[in-house]
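This document starts with two versions of one protein chain, written out as structure tokens and named structure 1 and structure 2.
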Structure 1
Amino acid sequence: MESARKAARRAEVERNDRALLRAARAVVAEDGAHAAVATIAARAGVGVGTLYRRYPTKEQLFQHLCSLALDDYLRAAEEGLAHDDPWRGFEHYLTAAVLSGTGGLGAIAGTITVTEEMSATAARGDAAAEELVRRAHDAAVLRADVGPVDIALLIEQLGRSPLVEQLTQQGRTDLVEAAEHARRRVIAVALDGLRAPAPTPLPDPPPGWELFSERWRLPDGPTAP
């Protein structure tokens, strides 16, 4: 049975790939763009050779990582739109986006070459998010003075969890679970702050998307003379 063996091989390869991606996401969240390839491979429990057979370059691995993160973000928004209840949909979008574990990837934005596909997915995600916010506004369940960019910023702020990362790095797995529970409480607090009606008006006018448009660009030469 040759095909069975082939299938088993493929399954193992896929398992390795998934472990690799999960490890990469975690390590990047902890170490930022300086994350070393060896660290990622070790965390995934594979050798660097295995990593390099799948991703010929560190940058390609990071690109794939970002691509998946953008997919997650788009999915979170689309799932939110699929809900009938506008608030429930919004809630799902925000929670899923924050908890997708992709929050640390903002750290490598600007260090990789952005592909067409990535920017297209990002645009679709932003459009879906905008629609989600509009719908929640129309139903008067989301406070009127927040805009979609406020939400994006909030997601970014909550997307990383320095505490969980540090506890993971210190190997205090016993505390990690408690930290994640605590994180969900913080998310719930933020969501309550977003409900209509607003108890107090927000300062300054709502920010525009231009804040994030620079996000996915190559960095200029560092302090060129």
Structure 2
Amino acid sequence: MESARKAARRAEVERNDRALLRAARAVVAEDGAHAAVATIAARAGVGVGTLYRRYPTKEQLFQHLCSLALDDYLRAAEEGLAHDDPWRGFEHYLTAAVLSGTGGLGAIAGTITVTEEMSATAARGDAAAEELVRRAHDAAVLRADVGPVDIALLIEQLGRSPLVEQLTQQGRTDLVEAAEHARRRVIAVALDGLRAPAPTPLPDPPPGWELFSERWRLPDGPTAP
């Protein structure tokens, strides 16, 4: 009986944690660094005390969100590299990264301390993404003037769907599926625009990784991923 109670309690804790993380990602997408703990807890359907028992500070919650997002990004890139076809691998990476919302946490850049674990995962993800782009360039399937930073920026831009978010907030479940389908069409349009050959060149100069790393730097603090 005691073991059953403990198992039920663990299951409840895991459900609450999943709900908190979903709510936190959604609220951060809407409110950025100003996302309130009370709003996150209310969206998750739990009390603020439950949130603080799991995450003693808002920074720790945000750090965990970032760690999960970086894991998703790395997974998308590594799965892409597992494809024999360079374009299919690249397509999988971009689509999976966009749909997992890996770029949706940019709003909290520069407001939290970046852990060593976060930096290491980010470096692995960036290296895998660069290899995907290199493979696609070598196979002449990706336009030559697009680099890995362009792709990372595109993933961040497509990582949110204001239409899906709005309909979800309105409780319009009758339209959410259609909005998700429309979002996939937008991703397909973006992918088509990345194919080689390019009809017109992109504006110079190409962006560098400092656009990502520098904005995560805390005042007088270390540079983030």
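Whichever C-alpha set is largest while still superposing within 1.5 Å between the two forms counts as the rigid core. Numbers given to residues start at 1 and step along the sequence of structure 1. A quick note: this is a predicted structure, and the numbers were derived from the prediction, not measured.
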| item | value |
| --- | --- |
| Either 1 or 2, the form predicted alone | 2 |
| Per-residue C-alpha change between structures 1 and 2, residue 179, threshold 2 Å, rigid core fit | yes |
